[in-house]
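Next up is one chain by itself, shown in structure tokens, the form predicted alone.
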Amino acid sequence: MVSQHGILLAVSIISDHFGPLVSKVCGCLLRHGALPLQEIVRRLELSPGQVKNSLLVLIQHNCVQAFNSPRGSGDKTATHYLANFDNILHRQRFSKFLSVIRADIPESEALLEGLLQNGRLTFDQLVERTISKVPEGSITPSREEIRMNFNKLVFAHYVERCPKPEPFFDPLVDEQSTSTRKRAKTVEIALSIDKKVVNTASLSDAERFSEIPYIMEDASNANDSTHSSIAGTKRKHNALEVDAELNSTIAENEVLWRANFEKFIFCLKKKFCADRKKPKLKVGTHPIWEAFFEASLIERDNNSVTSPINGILERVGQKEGGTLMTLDHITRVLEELNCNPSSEDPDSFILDLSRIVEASQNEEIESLVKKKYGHAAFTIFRLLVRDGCPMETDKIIDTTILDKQIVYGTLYKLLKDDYIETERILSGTGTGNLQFFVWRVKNTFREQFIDNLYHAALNLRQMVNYIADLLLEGSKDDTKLRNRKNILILALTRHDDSLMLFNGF
């Protein structure tokens, strides 16, 4: 469930990009969940045409997913519309996505930019846009060159075919199947209805990342008059060429493509984890750590990085002092860095990124507690987070070696602001009943922190918009206002790094 400040932030992003009417429809879906068209019209008191046009804009830009669901007891279905909160937040990360492509496939940057700006496009539309953006006097790229650069994006999973437009999803059937699996005592991750709808709409990986087929330049002449005189193998060969041309034409003119946000978030997550651990590395281990990430070619999931040992050795050898490192030394360092041999491939090493992300999240929250309440609060909060179990007051005092009064005062400050919670325990041992208090970190402390991040991002966006309005009105201090706006935009970009750590990674 998205917090109130998260909803306000998403609505603000949509309002800035598409206007107040579209943001109003988006806000309704974020607050009330999946709704049919008639219900959105009723709640917002807008005309069906206005709501429909707004939904089309949101679907075009991957902010809403439509799906069919049963209506009543018969065979009738109704189309529901579901807002995708994560995709809306990703809209403020487009510059970061482009930087990923600029470093990996720079020749394909213009194609990705077209998809980010327009949401969903066919390959034909991308070709037209690319050619129209070529500066006057520059060489216009050929269609085959554009196709080659586009297929690089698809092959690397930066671009994917759009999901099913209106898949069928029945929440009641899904609940029944989930309860059946629970009775069978199978372990599974609980998914929200939103995630299940998105998964239902998703294509298989083979379909999502199916490249546009290449065809010969003369494939269009495959149906010439000489075709009637060809027999046997030659006839079959030409028929295959016609099929290839048909498949290519469908992929170019009818298939809609979009940016694959999951891939970009994984790339940013991988870079974050690599950079986060660098300052804590021992002397001489930096080349091995960098080589491990550079050698990563296989992506089994979004929570781990796998690199073959041969690739690591090759890249270590290219670094200063790398040729002097032995295999045993490199293997030992990798294991010290929590890169363990893969169970599926003993010649590869795997690193769990989720452990680094979780540790980084705790450090961010602990840092805030330290700034807000001081070093004593930081010490106590960190102890409770890492212990993970209820802890008696006396044990906290003994472990932290802090003054008793300081511990009591700090605990009540953290309790008041909902960072921790307490429970009174009665003990019936001895002659009388004794009571003592145990303290533990509140389960919702992460959600509270994320909500604060949403609130801060919303405030920054509102300040940027306020200065933009002042610039439109005209002012004597235009230069000063522009400088302030640029500083706020930079602050918002940096703040999004923290937000992405908790919401994206």
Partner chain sequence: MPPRKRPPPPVKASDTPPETKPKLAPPSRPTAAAASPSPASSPGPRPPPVPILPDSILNAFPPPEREIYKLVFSGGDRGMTQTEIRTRTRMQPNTLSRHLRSLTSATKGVLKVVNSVHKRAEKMYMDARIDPSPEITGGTWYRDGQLDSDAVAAARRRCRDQIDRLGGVATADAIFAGIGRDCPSTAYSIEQIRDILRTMALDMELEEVRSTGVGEFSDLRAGRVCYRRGGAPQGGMMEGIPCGVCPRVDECSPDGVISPKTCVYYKKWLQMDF
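Numbering follows the first chain given and starts at 1. These figures come from a predicted structure and were not determined experimentally.
If you look for the form predicted in complex with its partner chain, you will not find it shown, but the lines that follow are about it.
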property	result
Stretch in contact in the predicted bound form with its partner chain, which is absent here, among 342-350, 404-412, 76-84, 136-144 (heavy atoms within 4.5 Å)	404-412
Residue among 460, 66, 46, 55 with a heavy atom within 4.5 Å of its partner chain in the predicted bound form	460
Heavy atom within 4.5 Å of its partner chain in the predicted bound form - residue from 254, 299, 392, 128	392
Contact of residue 497 with its partner chain in the predicted bound form (heavy atom, 4.5 Å)	yes
Proximity of residue 122 to its partner chain in the predicted bound form, heavy atoms at 4.5 Å	no
Heavy atom of residue 7 within 4.5 Å of its partner chain in the predicted bound form	no
Residue contact check: residue 363 to its partner chain in the predicted bound form, 4.5 Å heavy atom	yes
99, 153 and 259 all contacting its partner chain in the predicted bound form, non-hydrogen atom within 4.5 Å	no
Residues in 383-398 with any heavy atom within 4.5 Å of its partner chain in the predicted bound form	383, 386, 392, 394, 397, 398
